[in-house]
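Next comes just one chain, in structure tokens: the form predicted on its own.
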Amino acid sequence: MHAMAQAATEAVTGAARTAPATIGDSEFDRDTAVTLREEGVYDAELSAGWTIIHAVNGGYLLALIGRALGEALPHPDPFSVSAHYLTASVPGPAVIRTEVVRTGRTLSTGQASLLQYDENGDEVERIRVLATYGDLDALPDDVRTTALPPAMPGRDHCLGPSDGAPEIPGSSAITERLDIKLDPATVGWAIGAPSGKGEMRGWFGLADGRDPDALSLLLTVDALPPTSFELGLTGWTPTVELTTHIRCRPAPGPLRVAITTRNLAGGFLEEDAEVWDSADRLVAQSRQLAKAPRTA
């Protein structure tokens, strides 16, 4: 009887260890936490776990700033967030300064700057954001769209780390925190045969199983490998500007992300992203301007 009880206890303990994280109690939530120092000023710690090659991922930073704005503004959910990336962020302490620009009945607008300190102790602005917030639960149900979910294989037929999917050149800690399965049609770059189409598609989730919400969508739009890989260019593709629109609260379950680039010119490219939830709804859209990697 004792052995049976011990086995049952171990089974319960094992299930608890593998249970998915919940919204509000996950690595993403802990690493995007902000602490109010004084009105409009928040302290944060940029985690090294969200780096891409040598810099902190822009989507993670956007989510962290988005959390601070969500606390500073009277409305809970990001609707439109536009960020200009001024200098590369590094792991370590940061300060977010927010300002309420306007408040209304259904929408409020604010701005925020993320700053860090240089070796002399001087503040260096990393990102400046202008954002409009509202309440996604108050939106009407009317949908009129010609948009369709991305045409891509089911998750079991896409490629992740356990399937031998390629690592991003230069390595990145962020991949350990994400559950991404890429469409095989967009990983030709890994075998030296990029398609030249400037497309990247995949299934997206957080590695600890946390379901998506409006805040995590700010990470999702900038979490897949860059489309420049399929254009035959590898290396860091730093974001210059990123605008994200959150269209509705995502349903639980994995997301599908499709990113396209139609024009690389003068050393810069655009990336247009769509994020679809498990209920086949378009939950987020974004466009960013990024600096293309240098050619060999």
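All residue numbers refer to positions in the sequence shown, first residue = 1. As the structure is a computational prediction, the values presented were derived from the model and not from experiment.
Although it is not shown, the form predicted in complex with another copy of the chain is what the next lines describe.
May I ask whether Ala147, Leu233 and Arg287 each come within 4.5 Å of another copy of the chain in the predicted bound form, counting any non-hydrogen atom?
Heavy-atom distance to another copy of the chain in the predicted bound form: all three under 4.5 Å.
Among 172-180, 139-147, 69-77, 209-217, the region lying within 4.5 Å of another copy of the chain in the predicted bound form by heavy atom distance
Contact criterion met by 139-147 only.
Tell me, out of Thr237, Thr261, Asn57, Thr32, which residue has a non-hydrogen atom within 4.5 angstroms of another copy of the chain in the predicted bound form.
Among Thr237, Thr261, Asn57, Thr32, a heavy atom within 4.5 Å of another copy of the chain in the predicted bound form occurs only for Thr261.
Could you tell me which one of Val90, Leu115, Leu130, Ala190 places a heavy atom within 4.5 Å of another copy of the chain in the predicted bound form?
Selected residue: Leu130.
Does any heavy atom of Leu86 come within 4.5 Å of a heavy atom of another copy of the chain in the predicted bound form?
Yes, contact at 4.5 Å.
Counting only non-hydrogen atoms and a 4.5 angstroms cut-off, does Glu241 reach another copy of the chain in the predicted bound form?
Glu241: yes, in contact with another copy of the chain in the predicted bound form.
Can you tell me if Val101 lies within 4.5 angstroms of another copy of the chain in the predicted bound form, counting non-hydrogen atoms only?
Heavy-atom contact with another copy of the chain at 4.5 Å: present for Val101.
Against another copy of the chain in the predicted bound form, would Ala63 count as a contact residue? Criterion: heavy atoms within 4.5 Å.
Looking in the predicted bound form, residue contacts with another copy of the chain do not include Ala63, since no heavy atom lies within 4.5 Å.
Another copy of the chain in the predicted bound form - contacting residues of 90-127, heavy atom within 4.5 Å
Result: Glu99, Val101, Arg102, Thr106, Leu107, Thr109, Gln111, Glu125.
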